[in-house]
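Given as structure tokens, the chain that follows is alone and in the form predicted alone.
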Amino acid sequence: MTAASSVVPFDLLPVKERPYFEHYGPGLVVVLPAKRPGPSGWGEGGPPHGGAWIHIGEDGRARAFSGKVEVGQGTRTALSLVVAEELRLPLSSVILTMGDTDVCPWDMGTFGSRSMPDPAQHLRTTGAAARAVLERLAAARLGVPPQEIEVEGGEARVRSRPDGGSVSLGELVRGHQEVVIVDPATTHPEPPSSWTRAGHPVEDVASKEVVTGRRRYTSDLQLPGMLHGKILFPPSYGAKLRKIDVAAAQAIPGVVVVREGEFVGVVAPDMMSARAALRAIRAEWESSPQPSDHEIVEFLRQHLAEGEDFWDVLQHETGNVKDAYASAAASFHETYTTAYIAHSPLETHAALAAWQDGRVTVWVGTQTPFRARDALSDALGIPPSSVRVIVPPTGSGFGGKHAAELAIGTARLAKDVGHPVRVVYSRQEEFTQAYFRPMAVIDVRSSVGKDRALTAWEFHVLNAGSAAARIPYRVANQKIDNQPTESPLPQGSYRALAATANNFARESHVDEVAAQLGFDPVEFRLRHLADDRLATVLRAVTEHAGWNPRPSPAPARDGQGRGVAVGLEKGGRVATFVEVEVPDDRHLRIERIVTGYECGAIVHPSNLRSQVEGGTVMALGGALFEAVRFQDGRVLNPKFSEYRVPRFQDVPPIEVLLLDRKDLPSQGGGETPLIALAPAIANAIFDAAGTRLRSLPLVPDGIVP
């Protein structure tokens, strides 16, 4: 390691507002500088997606810091494990702070399954650098060369002196106020093949808090003098406020009405009074015509978005598809659609804001705390240094907690009334004021040659996005593009986002081609797959499931069917096998699901298994029955009694195969395991009943058409 062990001025560190050691006491601080936002909007001057730092204190504990957040996906334990691994500490001696903009390194946000490839790697590098410094300090203390020192179990000891010659890490750093800047190019973490802590089953660090109810989520937080707020929202998307009367609301004891331009909110001593005050406001709105969910496909086709402001544009072309079609033995053309769906988090959006001496602290369940800090700074007209965002434990996000509007509104209410204010969305507000997973319309055209191999592939995506739009199969002539459109509903990130829609269309179409040609679906895929890792996962799953090669649909037509699908996204490879029954009454029954997943070296096996299982259950909803119904800019099913999510009775036996590749970098597991389920179910329905379904949800009423 080439980094010098010398005191570094604090203004070179990402923490600028207050001296670091005043927070955590003397010790050793090792910093991998964060890649900060530059003029282009992306980071400059360091690794992407933030940095990391670790403080070794006089108590011998390692306090690690990451700008990522924990919203139920289990990364707190996984990231703590890699620190424990590099510093040879028990997991209980690692304290990880996440998502606090005052004390954590800048980070772009928690999305895209980046927690393993980015902060895990950054913390590994920082931990390795910290261990090297500790070895050097111990060598000087014990009078031996650094290579004679090993760090293990909270102490540094001389390898050649098994019965003596050691010093605790706390004693080693006592009185130090030293900051080391890491050079990642010359710092090498332990290879996964040598892991003794990471990669092995451990209990989640927060499991006892969760099961005993001691964990305090954002919506549970209390502060002295705290009041409760509600925000006035329009009755339909795009509606404009024309007239308002707040007299009745202000007449309720203890209620304060806050209005700043278009923003209107109420604050009250308790939630019941806040709700009553909101209902008492008389507002007149002007609405504009909006399409319904029955008209949405044609609307999207007619309202293409123009300009260069859309980041998710893909145009990929190889070969010559026109010539390939001209010489094809057969060609196929179908359209596939997916509905808008809601995130439906267990904990609705919540925020708590408090002001002190012109500085605001906002506790909010957000996946992008630094983006929220900057948005608060802009909206409130104060510098970023006057804003602190803290992300408490959050009851899931699924990509739905990126926006900062709630944090801004809560901060405005708190500033106006001079007290801390907490705002928690009702379930109906969650359904109507959050954004949705985008609707998708996907046109697919393909052709095969005389040898029945794919010769051309056209994949035209409307609105969904480009994730997983590229094909993992060998096809010489390809034309793939994603066209953004105008959307009548607010839309944004969602777990696996466009990958679910694009994978559904592609894997359904590949299955259709295989059926038309009389191929076994697995054989046809293996014949064309260009990715050996994906082929390995497919073979593992079908072998485990007991796949018997034959073409689809099932020749007996006895209502029993099986389907398979694969996917490649975010560095992970997934294959899913499904068995279904479609009896004479046409009520679909899913009998069995087998999912295989490979994402490089596995850091936290039990959590990864839970991620795959949980993702499978979530994907069942979007595959079978979840859909936002809307008309004239209003959501028609904004409650769980009307918006169908998976229930216990919907979940069949789920078998998970994890393929651990210690020779490959660790990738995320929160998204990719979802993307093969919907096409596998659709393909199994076709195998069982001969009915090809090309729109998600497949069976909103549970009945196969």
Partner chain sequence: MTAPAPASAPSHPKGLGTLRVNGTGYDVPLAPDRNLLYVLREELGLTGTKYGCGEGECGACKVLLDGVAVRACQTSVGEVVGHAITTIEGLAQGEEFHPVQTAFVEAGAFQCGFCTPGMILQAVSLLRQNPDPSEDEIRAALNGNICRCGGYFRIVAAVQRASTLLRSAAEAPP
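Source: prediction; values computed, not measured. Positions refer to the first chain, counted from 1.
If you look for the form predicted together with its partner chain, you will not find it shown, but the lines that follow are about it.
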In contact with its partner chain in the model of the complex (heavy atoms, 4.5 Å), from 521-529, 318-326, 575-583, 214-222, is stretch 214-222
Review point. Should residue 652 be counted as a contact of its partner chain in the model of the complex, where contact means heavy atoms within 4.5 Å?
Key: yes
Given that the partner is absent here, does residue 188 sit within 4.5 Å of its partner chain in the model of the complex, heavy atoms only?
no
task: Please run the contact check for residue 426 against its partner chain in the model of the complex: heavy atoms, 4.5 angstroms, yes or no?
output: yes
Practice task
Decide whether residue 618 counts as a contact residue for its partner chain in the model of the complex under a heavy atom distance cut-off of 4.5 Å.
Solution key: yes
None of 363, 457, 111, 340 but one has a heavy atom within 4.5 Å of its partner chain in the model of the complex; the exception is 363
Heavy atom within 4.5 Å of its partner chain in the model of the complex, from candidates 552, 348, 101, 508, belongs to 348
Taking its partner chain in the model of the complex and a 4.5 Å non-hydrogen atom cutoff, the residues of 267-296 making contact are 270, 271, 272, 275
